[in-house]
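One chain comes next, on its own, written out as structure tokens in the form predicted on its own.
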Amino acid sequence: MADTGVLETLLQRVEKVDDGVDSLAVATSLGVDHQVIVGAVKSLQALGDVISAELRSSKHWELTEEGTEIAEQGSHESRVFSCIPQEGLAQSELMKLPFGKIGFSKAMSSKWIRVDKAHEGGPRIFRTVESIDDQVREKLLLVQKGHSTQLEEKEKNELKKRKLLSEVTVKSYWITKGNSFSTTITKQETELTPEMIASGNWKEKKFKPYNFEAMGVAPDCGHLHPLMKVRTQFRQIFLEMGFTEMPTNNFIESSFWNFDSLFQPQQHPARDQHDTFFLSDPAHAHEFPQDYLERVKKVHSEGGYGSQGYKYDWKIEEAQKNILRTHTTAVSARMLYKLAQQEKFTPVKYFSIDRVFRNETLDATHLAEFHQIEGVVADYGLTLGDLMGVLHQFFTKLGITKLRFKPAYNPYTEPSMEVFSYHEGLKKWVEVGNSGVFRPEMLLPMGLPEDVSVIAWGLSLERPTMIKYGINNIRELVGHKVNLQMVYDSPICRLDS
């Protein structure tokens, strides 16, 4: 509650007038901060219908910091005029003064001074009038004394343009007597105690009304990182569409499963050290399905399954190199191989959302570690039309309905498509994912039936999260620059009314 003395003084002011008082005027007359009076108004309102307070807004002009300085010391142009002696002043000397540049320009416009550019010592400034009238200072002094109404709007706007004045909106309360007005303050009880009930004096007490609209104390709870919240939403979409989640807990992968099994040649640029993290210990993997490895080697080096291959010397040493996986498609390759080993093929729908690693330069949109979302569907006779249909269904559940597809190239899909969505905020089409139909050179060596097709698509988790939360720099989403308040503002459980 506000100070009792302030409350009583405010009530006395209200009692003396019939039509009410302004809280700002009361604060000025008492020489206290306006917020002190606002606090007193809130305290009196909490006591019941003692006063009635109407919030009002008004605009008035205030001097800026520079304007206050000019009101005290004079305008820049008048100070320039004052510092020029009868014999003149070198322009270079004048420009060294803090007010020299602005004051020189304004004084020249007012024709108080002139410049002699032909002077033998360099450009020199002389007075052109005997005395001046500093109207800028006079106008600011009027505003400072509360007489801004004596100035025309044009004059005020000119001073505002020079950043000497600013128009400020002030909110104050118009305070009038309430139905239960009294100049004496009776404290209202907030609790009904056993002593009150035993003595019966609760009958004479005044109780503070119970506020059923008041918010309760916020419960302590854990918080989800925005990235994990969006991940949960994506996962739910996949599950609603009947997909099964793939196990993605092997961050370390052999080059064979990450590249070779996907029909990606060993001389591909993505397999260089500047794009991929290679492990030094253990540096190599040794356990592979031997018959499958031979078929992959053959399709790379000699061709087969309707393909001429890449016609190069495929090396087991290159395939054995251990890396941090560069995409979760390596997991898809393992799952499809496992599917091919079944006695009878059954259609499947797989998905995964997990971390991948690439040796990239860190900037506002790239990290060396990020998340990849991947969907895979294997069935008989799937076509590009099926892929487009699944993508439309998937992105519609995300709230993205305007889609376009653009032909693209991927080593392990043919045909391949980039997926674009129309961004309403940016007013342009932006890439949201990549997709395609897995090549026969990848699927047939696994042992899948010839009439089985596999469609797949992928996108990053970070980009939609950044769009959703309005984050421009990916390093503010992941890493040591993350604002923890952003995480606290994303509770695990939110109870909607």
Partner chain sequence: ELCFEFGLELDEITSEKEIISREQGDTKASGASDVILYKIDVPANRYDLLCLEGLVRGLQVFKNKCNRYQCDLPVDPMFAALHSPQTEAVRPHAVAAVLRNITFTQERYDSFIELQEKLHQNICRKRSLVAIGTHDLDTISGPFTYTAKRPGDISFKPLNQTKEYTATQLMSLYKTDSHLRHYLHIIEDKPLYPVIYDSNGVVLSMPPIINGDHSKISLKTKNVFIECTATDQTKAKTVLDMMVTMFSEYCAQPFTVEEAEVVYPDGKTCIYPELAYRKEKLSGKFINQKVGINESTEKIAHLLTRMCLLSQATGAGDEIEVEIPPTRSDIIHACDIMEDAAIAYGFNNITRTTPRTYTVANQFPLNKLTELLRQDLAAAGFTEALNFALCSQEDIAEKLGKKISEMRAVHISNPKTAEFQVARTTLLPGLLKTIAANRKMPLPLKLFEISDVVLKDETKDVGARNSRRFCAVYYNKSPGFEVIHGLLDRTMQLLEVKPARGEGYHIQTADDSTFFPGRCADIFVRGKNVGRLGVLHPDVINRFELTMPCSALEMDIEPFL
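Residue numbers count along the first chain shown, from 1. Since the structure is predicted, the reported quantities are computational estimates derived from the model, not experimental observations.
The protein also exists as the form predicted together with its partner chain; that form is not presented, and the subsequent description refers to it.
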282, 334 and 488 each touching its partner chain in the predicted complex (heavy atom, 4.5 Å): yes
Interface stretch in the predicted complex with its partner chain - options 381-389, 150-158, 80-88, 134-142, non-hydrogen atom within 4.5 Å: 381-389
Residue among 223, 171, 338, 397 with a heavy atom within 4.5 Å of its partner chain in the predicted complex: 223
Heavy atom within 4.5 Å of its partner chain in the predicted complex - residue from 278, 181, 126, 202: 278
Any non-hydrogen atom of residue 73 within 4.5 angstroms of its partner chain in the predicted complex: no
4.5 angstroms heavy atom contact with its partner chain in the predicted complex for residue 254: yes
Distance check, residue 415 to its partner chain in the predicted complex, heavy atom within 4.5 Å: yes
Contact label in the predicted complex: residue 306 to its partner chain, heavy atom within 4.5 Å: yes
Contacts with its partner chain in the predicted complex, stretch 308-326 (heavy atom within 4.5 Å): 308, 309, 310, 311, 312, 322, 324
